[in-house]
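As a starting point, one isolated chain is supplied in structure tokens, in the form predicted alone.
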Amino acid sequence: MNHGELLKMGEYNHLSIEGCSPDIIRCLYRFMLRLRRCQEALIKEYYPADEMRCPVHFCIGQEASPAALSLLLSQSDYLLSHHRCHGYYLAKGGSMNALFAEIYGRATGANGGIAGSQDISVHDLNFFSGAILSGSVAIAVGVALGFQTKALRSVAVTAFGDGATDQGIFWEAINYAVLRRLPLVFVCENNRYSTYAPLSKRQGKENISERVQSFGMNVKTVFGNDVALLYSVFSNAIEEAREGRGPCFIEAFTYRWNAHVGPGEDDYLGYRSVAEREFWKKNCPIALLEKQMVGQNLMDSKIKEKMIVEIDQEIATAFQFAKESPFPHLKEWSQLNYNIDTPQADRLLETIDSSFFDQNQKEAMPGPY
């Protein structure tokens, strides 16, 4: 599977909701619809008011993966996302009020208005995102190693784009995860482009999962706009990782409709064709699921309209909350980089025996380290 072959497919007609409970299907649909309308509302408001305080990477067209994960992760599981993070933040239970306030640079934001859209992290939810390409992948390996060392049944999931696989640290992470059989699930949203560069111009082989498999990794390649399929594949991978049967790499072919960054369009740059965009809009993840739901009498115009009213009210409340919240006040900008009140790392380094790091060290360090 690759993007070129997918374009020849035309309309995707393999989505099936057979065997999946109606409640799960409704939850998947509502999550995607909520995320889509949230993103559209932010785009509509961004320029006219000019009040948002950071660049924003929207995820219209890529709602399926976070929707599936939203029903599968426990509170103790960690979700580590790339910079296009709004869906994953909401998937881990993040507040829409706090999301909007963060984008508006307000003190009530998820990170006090000082992180912005690309770096939202909420410690209490075990959710972390970041703008460093492949950064979430490397951190997820450490998280999963911690789970394994402490014999916990928690799982780490790292979500990233195909651009992250251009980095050497990604392949080191794959190798180490396989070597240690870590409780870790890699979710690659292959949307073809790293900024404006197609995968075919960056790597010799477009199907990333084939190369990952050569490391001994269990891999799955799926159509990333089929949310029912993603739910099944993610569910199996997370359960395998939780039971100690090793990591999994899932390559989900999907597409962002919007510009790489910001609410404006960037197609004037000529890096993607009209036909390509139309293919993916025709295969909208929300529309694909809705078609099946209508056929199974799980969706009609009244149910959808009720959802839209509820979602739009939540969005309006989030805008009001953000705009009425105060801006952050910091006496010392140095507080953003380190905390002098908890020098835990320095204390640990003072007590570590250097022999723990020689060629004879054990697999896991003793003590509290």
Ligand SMILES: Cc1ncc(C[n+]2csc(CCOP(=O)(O)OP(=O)(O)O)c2C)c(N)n1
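Just so it is clear, the structure is predicted and the values come from calculations on it, not from any experiment. So that there is no doubt, residue numbering starts at 1 and follows the sequence shown.
Unshown form predicted together with this ligand; subsequent notes refer to it.
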Contact with this ligand in the predicted bound form for Tyr193, defined as at least one heavy atom pair within 4.5 Å: yes or no?
yes
Although this ligand is absent from this view, report whether Gln167 comes within 4.5 Å of it in the predicted bound form, heavy atoms only.
yes
Contact flag, His260 vs this ligand in the predicted bound form, heavy atom cut 4.5 Å
yes
How about His82 - does it come within 4.5 Å of this ligand in the predicted bound form, if we only consider non-hydrogen atoms?
yes
Could you work out which of Leu133, Met96, Val141, Leu229 is the residue within 4.5 angstroms of this ligand in the predicted bound form, going by heavy atoms?
Leu133
Checked Asp162, Glu206, Asp119, Asp77 for heavy atoms within 4.5 Å of this ligand in the predicted bound form; positive is Asp162
Using a 4.5 Å heavy atom cut-off, which of 233 to 241, 193 to 201, 149 to 157, 96 to 104 contacts this ligand in the predicted bound form?
193 to 201
So which residues in 30 to 45, when you check this ligand in the predicted bound form, have a heavy atom no farther than 4.5 Å from it?
none
